[in-house]
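Next comes just one chain, in structure tokens: the form predicted on its own.
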Amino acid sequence: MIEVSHLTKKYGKLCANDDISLTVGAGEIGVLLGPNGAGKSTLIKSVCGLLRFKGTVTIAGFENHSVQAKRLLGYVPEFPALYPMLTVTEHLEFIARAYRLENWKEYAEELLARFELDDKRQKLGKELSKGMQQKVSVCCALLPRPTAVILDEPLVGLDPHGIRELKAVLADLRAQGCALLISTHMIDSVEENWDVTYIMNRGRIARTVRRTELDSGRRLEDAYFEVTEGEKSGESEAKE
């Protein structure tokens, strides 16, 4: 569903993403895990068509810049970018018109209720807290019922209820066959529900971990620190 092949993104001489390939299938939750500065957000923005890059990215077989791909893809950015003078309701109406959705209001009501935005309908974007803006961003991304969803640090800024509901929504989408790619550096936020994890370090995929291949008793956190701390240890030995 989400396929990235030999993606390279450079900023001048800096190589932010170096020959990255990954796949997240229908009904899978893929995790992009790595420390700050590993290149996760650059990769996410490239996959969503916001940056130019070398390589190929397809969504359900469609090139990621195509109209077909954009109709299938939902994106929740790390920093919500709401229109300051539109209300919560108007944001949803804007998405519905942009995607030419029909019979969308019932689902919009369901999303607003799940994320406790019922009483915020007439609040302007600029009047909302960071957490509330994040919830609206999630609702806008999910309203077109995408078959692939990409989320960049989606739990940052959410309150406990919002975190619980977003996790429940992601589980529901996975069960419906949606492909989900979640970028984060917070291991505990994804530990309980994932299928494949790509551990990034220094702009590259350092290791691919599938849940089914993880040894009994081992956690995703163990694999992560093996990669990140192992590389640091190797560097120290090289310097010595």
Partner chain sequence: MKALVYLVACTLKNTILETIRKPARLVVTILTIAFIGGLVVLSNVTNKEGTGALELYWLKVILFAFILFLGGISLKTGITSGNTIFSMSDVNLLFVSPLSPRRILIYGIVSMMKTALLSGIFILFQSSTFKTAFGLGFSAVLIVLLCYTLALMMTQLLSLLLYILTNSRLNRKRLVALVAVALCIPLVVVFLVNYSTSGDYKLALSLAAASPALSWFPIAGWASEFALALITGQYGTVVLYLAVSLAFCVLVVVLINLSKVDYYEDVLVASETAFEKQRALKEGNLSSVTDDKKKVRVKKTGITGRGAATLFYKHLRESFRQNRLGLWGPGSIIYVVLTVVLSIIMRNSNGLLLVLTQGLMWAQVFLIGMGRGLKELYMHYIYLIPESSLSKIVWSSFETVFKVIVEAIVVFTIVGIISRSPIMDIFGAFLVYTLFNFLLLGINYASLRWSGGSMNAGLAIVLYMVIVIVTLLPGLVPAIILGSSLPTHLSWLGYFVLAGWELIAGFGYFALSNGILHKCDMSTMQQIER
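Owing to the predicted nature of the structure, the values given are computational and were not obtained by experimental measurement. Positions refer to the first chain, counted from 1.
Keep in mind that the form predicted in complex with its partner chain is missing from the display, and what follows is about it.
Location of its partner chain contact in the predicted bound form, chosen stretch of 26-34, 190-198, 207-215, 45-53 [non-hydrogen atom, 4.5 Å]: Contact-bearing stretch, as computed: 45-53.
Contact flag, V67 vs its partner chain in the predicted bound form, heavy atom cut 4.5 Å: Yes, contact at 4.5 Å.
So in the predicted bound form, does any heavy atom of A16 sit within 4.5 Å of its partner chain? Contact check for A16: yes, within 4.5 Å of its partner chain in the predicted bound form.
Looking at the partner-bound form in the predicted bound form, is E165 within 4.5 Å of its partner chain by any heavy atom? E165 lies outside the contact set for its partner chain.
Its partner chain contact in the predicted bound form: E102, any heavy atom under 4.5 Å: It does: once its partner chain is placed as it appears in the predicted bound form, E102 has a heavy atom within 4.5 Å of it.
Counting only heavy atoms and a 4.5 Å cut-off, does its partner chain in the predicted bound form sit next to every one of P77, L86 and R97? Affirmative, all three are within 4.5 Å.
Listed residue that, although its partner chain is not shown, lies within 4.5 Å of it in the predicted bound form (heavy atoms), from E127, D159, E116, E110: The option sitting close enough to the partner is E127.
Can you tell me which bits of 108-123 touch its partner chain in the predicted bound form, meaning any heavy atom within 4.5 Å? Just Q122.
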